[in-house]
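Coming up is one lone chain in structure tokens, specifically the form predicted alone.
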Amino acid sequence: MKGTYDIRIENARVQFKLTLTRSLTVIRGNSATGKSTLVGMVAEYAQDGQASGITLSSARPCVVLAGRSWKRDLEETKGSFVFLDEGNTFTRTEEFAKAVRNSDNYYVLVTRESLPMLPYSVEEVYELRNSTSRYPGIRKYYTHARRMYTQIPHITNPQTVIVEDSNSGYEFFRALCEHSEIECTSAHGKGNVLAKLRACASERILIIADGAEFGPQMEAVLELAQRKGAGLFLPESFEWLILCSGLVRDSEIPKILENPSAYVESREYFSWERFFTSLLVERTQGTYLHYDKARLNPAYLASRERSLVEAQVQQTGIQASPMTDL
């Protein structure tokens, strides 16, 4: 499945509106914010249809996955929006992650926990916000999903840069840091960023990670970053930065970048990071810019090529989580 979809579900008391852009959407928040009500209404409608008193507007079937039979039920579910309420322990397992990876559904995971087995984006973590009807005598709640991570701390002139990966992205940012005499270190994986940040003694720290898959780590890292005065730079991925820079000349790339959801097939790509990597490898194959995720092609460190990608780093930083002076 691919594309962006709007879902509206309501009864006489409450209305929910969601927009699903990627295969994994996470809804966080405390108790009494409507999370379980949302899943419960989807389940009621799936069982009783309009007789439930619920109206559901969706381009695809909406189902709830729960209980011991989850694996069998998921195998029978195709091209649907699958809702999961908190309390399902199987959502934290590698078995569930593998089942999701091999399906063509979109998933809405309602949880107060991080789910490290699932590579969801920081852009697709939401909290529910309510407003009430303005009409006298009518008591109805209108609930929409709002992105949680809209205020990302940033710094300028970092003393130390921590890069999530140890591959091509790290090699590129290390070269930029060497040029500016800034210490650069690799966390060797997103799961190690928190420990690396905790151990770092520098006063001005910048963390660089792929936002497309950093959702599970975001809450803990953000909390510590705020306490230590560290900044975060979270582009979709390093490959996305290259594609956005204009370095790779391809007339279709700008169209794809403008609306990735129209091109990312969920069954084939578990996250947008993997899609952008595949796209960059494909579009540079047989050229001097041929891309290898494991080891950076030296062509990307040549003066002109590095300048174009560096300019995109600065531009993206200004728009999202400012990162200047690298």
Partner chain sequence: MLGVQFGEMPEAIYNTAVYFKNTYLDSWFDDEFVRRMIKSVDKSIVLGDALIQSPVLGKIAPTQLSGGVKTLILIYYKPELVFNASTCGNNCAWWILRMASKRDITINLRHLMVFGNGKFSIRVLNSGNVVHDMLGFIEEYDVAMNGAER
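Note that the structure is predicted; figures quoted are calculated from it, not measured. Numbering follows the first chain given and starts at 1.
As for the form predicted in complex with the partner chain, it is not shown, yet the points below apply to it.
Partner contacts here mean any heavy atom within 4.5 Å of the partner chain in the predicted bound form, and among 100 to 108, 217 to 225, 169 to 177, 71 to 79 they occur only in 217 to 225. A residue is said to contact a partner when one of its heavy atoms sits within 4.5 Å of a partner heavy atom; Ile253 fails this definition for the partner chain in the predicted bound form, lying far away. The partner chain in the predicted bound form comes within 4.5 Å of a heavy atom belonging to Arg92.
Contact annotation for Leu308: none of its heavy atoms lies within 4.5 Å of the partner chain in the predicted bound form. At a distance threshold of 4.5 angstroms between non-hydrogen atoms, Arg198 is in contact with the partner chain in the predicted bound form.
A heavy atom within 4.5 Å of the partner chain in the predicted bound form is found for one listed residue only; from Gly189, Gly246, Gly229, Gly87, this is Gly87. Contact residues in stretch 98 to 129 (any heavy atom within 4.5 Å of the partner chain, taken in the predicted bound form) are Arg112, Glu113, Ser114.
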